[in-house]
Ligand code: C2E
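Consider the single chain below, provided in structure tokens and representing the form predicted on its own.
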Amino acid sequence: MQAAPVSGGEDFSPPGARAYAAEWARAVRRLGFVPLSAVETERLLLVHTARLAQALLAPTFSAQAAEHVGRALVEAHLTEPGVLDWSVRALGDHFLARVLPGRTEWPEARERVTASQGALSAGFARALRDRTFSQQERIARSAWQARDAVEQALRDSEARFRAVFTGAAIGIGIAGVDGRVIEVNQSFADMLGYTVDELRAINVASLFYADDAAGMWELYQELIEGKHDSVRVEKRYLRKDGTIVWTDLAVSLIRYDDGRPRFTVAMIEDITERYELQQRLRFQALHDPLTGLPNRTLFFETLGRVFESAAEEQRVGICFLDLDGFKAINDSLGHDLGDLLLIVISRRLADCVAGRGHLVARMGGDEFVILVDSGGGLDDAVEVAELALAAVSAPVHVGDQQLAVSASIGIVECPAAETSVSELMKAADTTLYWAKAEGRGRWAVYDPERSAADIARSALAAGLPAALDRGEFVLHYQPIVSLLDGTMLAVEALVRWQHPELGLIGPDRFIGLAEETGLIVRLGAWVLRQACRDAEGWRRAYPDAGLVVSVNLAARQADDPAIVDTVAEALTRTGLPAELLQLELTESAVMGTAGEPLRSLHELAGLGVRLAIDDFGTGYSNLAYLRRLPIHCLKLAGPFVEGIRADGADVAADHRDERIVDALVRLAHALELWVTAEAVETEVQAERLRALRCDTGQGRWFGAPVPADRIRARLAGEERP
């Protein structure tokens, strides 16, 4: 019995098809991944449901539609095995009952459904197989193409490597982990003077330079053991002819896939010219261009290393040398000759000192320093200094000149742990200054106590200007007494520094500093004004006393063009009569810097001021100036008076000093000069001086220096000498 025909067309949709398609879509999405949305899945399966129904109801049945549905499922990527299982089972009675109700008893229906089930399964399987074959073909084609590309890339890479390897300007070498050379390029061979075949028969260890072979071999061993992947160093190689080539060497380790070292690749560049240039530049940077000696940079580098590596009790010694009078040679004979002299001296120092293992460096100018390399302590340093002085002092023939040169050396030798580079050099500079101050042509050894004293002296010198501004100086006065009746006729003004930390400081500690720094002019002006002020106060209180104040003038004060104006101003401001002021000058100050008496002395005498020569007999002892200059008083030097003793220890010397004093007193009186004896300490000295007709005396026997109010008390009779 044939089924009733149905109309064809895409819009055919049996009554239950939509519900079946919805259930089919839910089952598919439940069974696995579906690349479509729920709506899209249901719409697709509705088309397939209608297609299956149309095929089952067609007058002439064909299972081809079911096969196409199976293929369509695969093409829609609904390839989960459970999808096929559900689809085949549901196409049985379930499909007829839901999609084609009333047709289940149709005689051909069951046969058509069974045939459709088989066709759908076959279509699904064939489509899945075809897709798998297609994918496998694409994969195989891709693999073939990839293999061909890799092989081509490998051939291209090998060609490029061979081109680079062969034509590279730098040397390239390949060696096994045992050090045997496998391959080298022509540049490598040319660099070392071998042929390529000769190098292939060589172990890399035989190419290492002897002095660095041990270290390089250790580095190479660590590389081939896999401890490093690459190393880069600057090293020397021996050419075949025995000459040296400096190279920049980079070695890389090539491993097997499992990480084991396989071989090494070395890239080597000849840097001999660059290295030699660097060495020349370094030598120039660390050596004096004139003498070739190490310069201060190299010296301090070396000294710094000594301190860094010094053991706990290691000692360090240096000799700091400076030529005496080199500036005068330069100025008088020219810098060219001075340079030649420095070259000769540096060569001598290098020959006599550097040969013993000591470092000699030129610090600059005519200064040299020797780093003493010895464990012999101070004795070694002194020996080096004496050798250096002897080498320098030998006559020097430069051009047509024969020069006699000497040097001064400061020696510092101490434990390295107790000092530093800067402190050591500072001490050496200080000691060199001592050697020059002691007469030149000699050495001096650093003395910490003396250095401390110098530092304290420098601190005092630095504090002088501020002390004067702050009014820290005071005057004490020492009586000058008549040896005839004991009357106080004058006082000498003596300056003291009332230091805020050190207390009262005597003039012996700072007057010399004031003269060196030039502050003596300002300080002397202050002393003069203050002494005149105090003396005027005494005169007003005791006009009958006629007390003279005696003020010392330093050589720089006496040589000051403004000294006359300074004295005149002090007298005018204080109102002190000129005849009550006495100015004391040393013999050297009276003679002036040019060896002639100072013209200003006549102008000072013209003011009415008294002039006295202090420490007479210890200076020029030129009697002519006593006749030509307006001198009023001679103050006999203390050593003559000190020689007049009461203990009788040396009667002959005692009589000699007494005869000298007698002669000086007679000379002064013959020139109508007043005579004052200084440093009178005992009654015996006073009696003998009185017997020698000395006019006045000054010293501890007559009274120590005291403040101004004590002098006032003595004038008032409230205080006895």
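From a predicted model like this one, the values you see are computed outputs, not experimental measurements. So that there is no doubt, residue numbering starts at 1 and follows the sequence shown.
Unshown form predicted together with the named molecule; subsequent notes refer to it.
> For the chain shown here without its partner, which stretch in 35-43, 64-72, 671-679, 50-58 has non-hydrogen atoms within 4.5 angstroms of the named molecule in the predicted complex?
Result for this chain: 671-679.
> Of 87, 116, 557, 185, which residue is found within 4.5 angstroms of the named molecule in the predicted complex when only non-hydrogen atoms are counted?
Result of the distance check: 557.
> Please identify the residue among 273, 508, 312, 197 with any heavy atom within 4.5 Å of the named molecule in the predicted complex.
None of the other options qualify; the answer is 508.
> Applying a 4.5 Å heavy atom distance criterion, does residue 584 contact the named molecule in the predicted complex?
Flag for residue 584 set to yes.
> Taking the named molecule as it sits in the predicted complex, is residue 535 in contact with it (heavy atom to heavy atom, 4.5 Å or less)?
Contact check for residue 535: no, nothing within 4.5 Å of the named molecule in the predicted complex.
> Should residue 346 be counted as a contact of the named molecule in the predicted complex, where contact means heavy atoms within 4.5 Å?
Although the named molecule is absent here, residue 346 would stay clear of it in the predicted complex, with no heavy atoms inside 4.5 Å.
> With the partner left out of view, is residue 264 within 4.5 angstroms of the named molecule in the predicted complex by any non-hydrogen atom?
Flag for residue 264 set to no.
> Can you name the residues of 527-557 that have a non-hydrogen atom within 4.5 angstroms of the named molecule in the predicted complex?
Stretch hits, in order: 527, 552, 553, 554, 557.
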